[in-house]
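Quick setup: one chain, the form predicted alone, written in structure tokens, and binding and motion questions come after.
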């Protein structure tokens, strides 16, 4: 379970990031995080992984509450897939990027390779292992970045605009991969069709506050609510997975 309680983040210049945000996400649950530009989606994700310090409140995963003392252990349990996969891929081969996390956990070369190939096989990206990230397409980079996070075996998974720059086929590959994952997943996205295909629940942010939390259909079909959050109501919403088959 991924939990936030009264989470508040303030920037050094005094600007508000997120304020008094609380929610629970169960293992295996996929939750969409939506809101207009500047609503605080990325700020919230960075706070949940402990990159941005909280002014107040708390975050925890599997009962482990983030603190300065346990930040290394905590960050092993929460994986963040950045919006731009180029921020995550910097080694000569995709395989090296996927092994990077396990190596830094202290695993042997054999153990790190084994863990990397377990994830590579699960995601169906064996053909990317020996290729340079510089030669990968946007969708391939996205999958390699996801694999690099999953190789750490996190209990919770945070994704920031995962369909950015993806073509329809790459979206289908990604949705099918995410459907199979057992982690608690919080997915910040403007792509409501993607959210509708994967998530049954949504959180709506407005000006750094949690404006609504409820069933995906109820929120995404509410034109007044969506307009207040700087979004367009999506009608109709496809049943989970149907749009992408």
Ligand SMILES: Nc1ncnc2c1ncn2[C@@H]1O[C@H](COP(=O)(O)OP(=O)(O)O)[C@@H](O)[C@H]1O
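What we label the rigid core is the largest C-alpha set whose atoms superpose within 1.5 Å from one form to the other. Positions refer to the first chain, counted from 1. Source: prediction; values computed, not measured.
The same protein has a further form, the form predicted together with the ligand, not shown here; the description that follows concerns it.
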The one option of 53, 38, 214, 62 with any heavy atom within 4.5 Å of the ligand in the predicted bound form is 38
Based on heavy atom distances of 4.5 Å or less, which listed stretch (195-203, 174-182, 30-38, 64-72) is in contact with the ligand in the predicted bound form? 30-38
Residue 16 within 4.5 Å of the ligand in the predicted bound form, heavy atoms: yes
Once the two forms are fit on the core, has residue 16 moved its CA by at least 2 Å between this form and the one not shown? yes
